[in-house]
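As a starting point, one isolated chain is supplied in structure tokens, in the form predicted on its own.
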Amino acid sequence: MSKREESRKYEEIIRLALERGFFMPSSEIYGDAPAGFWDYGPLGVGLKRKFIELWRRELVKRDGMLEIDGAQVLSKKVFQASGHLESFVDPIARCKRCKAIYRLDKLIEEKTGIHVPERMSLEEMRKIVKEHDIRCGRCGGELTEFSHFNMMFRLGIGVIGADAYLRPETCQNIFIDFLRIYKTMRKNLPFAIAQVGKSFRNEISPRQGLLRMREFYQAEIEVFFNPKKANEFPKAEPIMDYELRLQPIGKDEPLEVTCREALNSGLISCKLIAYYLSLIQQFYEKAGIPREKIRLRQLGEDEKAFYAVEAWDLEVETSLGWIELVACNNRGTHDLGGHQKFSGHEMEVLDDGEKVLPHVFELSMGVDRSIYCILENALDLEAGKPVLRLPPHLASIEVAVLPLLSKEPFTSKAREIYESLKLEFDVEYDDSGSIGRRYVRLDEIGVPICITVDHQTLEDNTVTLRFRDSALQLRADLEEIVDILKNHLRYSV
């Protein structure tokens, strides 16, 4: 694909999403609909479901994690303990003339190219604005009223309107449920708790479709461990020679480094963290992202969250640049320690007879962002026509059944095959238009296999299987179809 075509990929993904039912703006029939809210259509729901199934299989099940489903509305005290009420803020400024509001750090980066670290003060940002004469992009007015804006959605619960908040991340449920899960599930350290669900952030300027939303899906994993035993981790042995694509602080490009080398050099602090970084990188490779487009970028002191002892961002290269998909943070005792202090409940547990306040290593994944990156990576052009080369195990529609001609007896035979497959596979029946047009349409939405019922089918009960990526056409007996589909769709990871 040429550079010009590459630069248009974002627009092509949005076009494909809207025209084929992957996702669309929420409340789009109303002109005053708030930005940052998107609905998934039928094909988007299928892709998201397959992505989460892959996450469950390759992370949750592979590692023996526990999974919960927590409430989306949480007590104010939860966020006092976590630090969100004080620290979950973005810097903003307002135009003195037209009153337009800007997210200050992003505005500075866009206008000057200066990177604004997470901990830069408002006063430092004010100096940059003055030195570079940064003004309102709408009217040229002076920027004023520099302040911090808390991004949480506040709610009033019940008749009296008791303070509560929509969760801005799914991990707090895991931390506040930790003690009960530890006791009821009879676990020993280390062990992991996972959750997939919605989070809510009142973004100042949501944009770029699924990349910056106010309501979004996260898949978070929190690993609880004894820091004294973080290198006593037998599960790490099989991955010690696996190569991570690490980009340490000060390096311009990722390095191919084995887990063993990363540990021996001190780049990664312990076997436990090396193991989980390898799991998350392998997951995205299995989701169809090429290794060369993945990096685990180490965050410096000016970038990582204040509670992070060690921090890596898994990022994927796209036409829009490198996009963060997973925050991989060693959070230390910040979370359980904070909730222990504010709740009065002891969060320490016994580990080989010793009382331990567990440390936490997290893999916090943006599901919607991941889906965008998968779509962009899969989009290709063949003879000027879009083809969505999704991994077969992520395709919303796994197989399409097509009668060669839209008339009897082709249609009834095709319907019979469709009915026999629909409970085991995600299958679609399509008899609209010429067979060539149907192939093009199905390629565009990423269907990996088409089954065509033709004249020979009526004679010997065989069909033509057409494979999207290879253009191979295989003649097969109807009795063989299920096994062929299973081999191609289910076990290709």
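Predicted, not measured: the structure shown is a model, and the values here were computed from it. Each residue number is its position in the shown sequence, starting from 1.
Another form exists, predicted together with the RNA; not displayed. Remarks below refer to it.
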- Would Phe88, Ala305 and Leu405 all count as contacting the RNA in the model of the complex, using a 4.5 Å heavy atom cut-off? yes
- Proximity to the RNA in the model of the complex, single hit among Arg260, Lys106, Lys293, Lys76 (heavy atom within 4.5 Å): Lys106
- Which one of Lys229, Arg135, Arg212, Arg126 is close to the RNA in the model of the complex, taking close to mean a heavy atom within 4.5 Å? Arg212
- Message: Based on heavy atom distances of 4.5 Å or less, which listed stretch (446-454, 43-51, 58-66, 420-428) is in contact with the RNA in the model of the complex?
- Response: 446-454
- Spell out, yes or no, whether the shortest heavy atom distance between Arg207 and the RNA in the model of the complex is within 4.5 Å. yes
- Item | 4.5 Å heavy atom contact, Leu458 to the RNA in the model of the complex | no
- Item | 4.5 Å heavy atom contact, Glu203 to the RNA in the model of the complex | yes
- Message: Using a 4.5 angstroms cut-off on non-hydrogen atoms, would Val482 count as touching the RNA in the model of the complex?
- Response: no
- Item | Stretch 469-483: residues contacting the RNA in the model of the complex, 4.5 Å heavy atom cut-off | Ala471, Gln473
